[in-house]
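Given next, in structure tokens, is a single chain: the form predicted on its own.
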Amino acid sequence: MNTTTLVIGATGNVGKELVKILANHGHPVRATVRSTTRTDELKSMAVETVVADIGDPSALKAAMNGIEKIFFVTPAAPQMMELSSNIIQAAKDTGVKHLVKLSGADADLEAVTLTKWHRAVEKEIERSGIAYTFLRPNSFMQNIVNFNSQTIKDHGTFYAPMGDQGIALVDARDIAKVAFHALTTVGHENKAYYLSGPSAISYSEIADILSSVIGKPVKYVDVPDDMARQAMLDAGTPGVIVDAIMELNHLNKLGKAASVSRTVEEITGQKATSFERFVRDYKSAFIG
């Protein structure tokens, strides 16, 4: 009999896709939610939901009752370490056997703030004695939908301080497929996987692909760093997060995110999703 898998972050880019895959394959799933989370979609898939804030250790322990395997995501914020520690300690206390953490590309290098946060969490998991799998994806293709689709729909333009170096963007659905295999098959314990798409493409190339697939001209505008920083601050993004994002963008501009991995195909048996395929699947998000 399949044991229940706990998904912490079941409404995020990767978590929601993982829940679908687990449920579609007949694996029992429990998802932590906030008291304000809409759970209709989760319940329609027969997913068990439990209210548990990751800032509440006692609620996490209750959510982990009877759980052996957990997939978790924590916010990319200074409190990442504290919130992750709550999860790790609760997992130790309840006898969880395997933690699958959504980490970040090059976490092992600890070159910038975000990778340092991720690696600090990874190190605590390593010390915990619990078997782990670290998923270290490149930037998500879904970010183009989440952050740029509205201006593409409105006036066929999107804006980002990304320069024009290639980035090996990865589809969150592919990350979820890898997570599924890590949770349901053996051989992934105590491994770290860098995950990317099948090729590195620049934002100008992204614009060209969008234009071709949706049938209207799309233009990419490379925003100066100072303007991008101020826009995020004006939108209420905390300064420490703005600094962390700009550090990551700087690495992208230097071509440090262009590395292509075949790990998605090696683990899932399916080729990583191309950006063109992604746009075809999400076409309605870009059409006004």
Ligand SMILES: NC(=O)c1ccc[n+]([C@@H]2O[C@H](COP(=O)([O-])OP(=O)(O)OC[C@H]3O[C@@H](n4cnc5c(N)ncnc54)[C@H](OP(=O)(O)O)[C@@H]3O)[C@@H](O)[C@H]2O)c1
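All residue numbers refer to positions in the sequence shown, first residue = 1. Owing to the predicted nature of the structure, the values given are computational and were not obtained by experimental measurement.
The next section is about a form of this same protein that is not shown, the form predicted in complex with this ligand.
A single residue from the set Val112, Ala176, Ala182, Val73 has any heavy atom within 4.5 angstroms of this ligand in the predicted bound form; that residue is Val73. Listed residues Ala52, Ile245, Ala228, Leu251 were compared with this ligand in the predicted bound form; Ala52 is the one with a heavy atom within 4.5 Å. The candidate stretches are 20-28, 7-15, 275-283, 262-270, and the one lying within 4.5 Å of this ligand in the predicted bound form by heavy atoms is 7-15. Although the partner is absent here, Ser103 sits close enough that one of its heavy atoms falls within 4.5 Å of this ligand in the predicted bound form. With a 4.5 Å cutoff on heavy atoms, Tyr132 does not count as touching this ligand in the predicted bound form; it lies far away. With a 4.5 Å cutoff on heavy atoms, Pro137 counts as touching this ligand in the predicted bound form. When contacts are judged by a 4.5 Å heavy atom cut-off, Thr94 does not count as touching this ligand in the predicted bound form. Although this ligand is not shown here, in the predicted bound form the stretch 242-261 places no heavy atom of any residue within 4.5 Å of it. The pair Ala46 and Thr36 approaches in the predicted bound form: their C-alpha atoms are at least 3 Å nearer to each other than in the form depicted.
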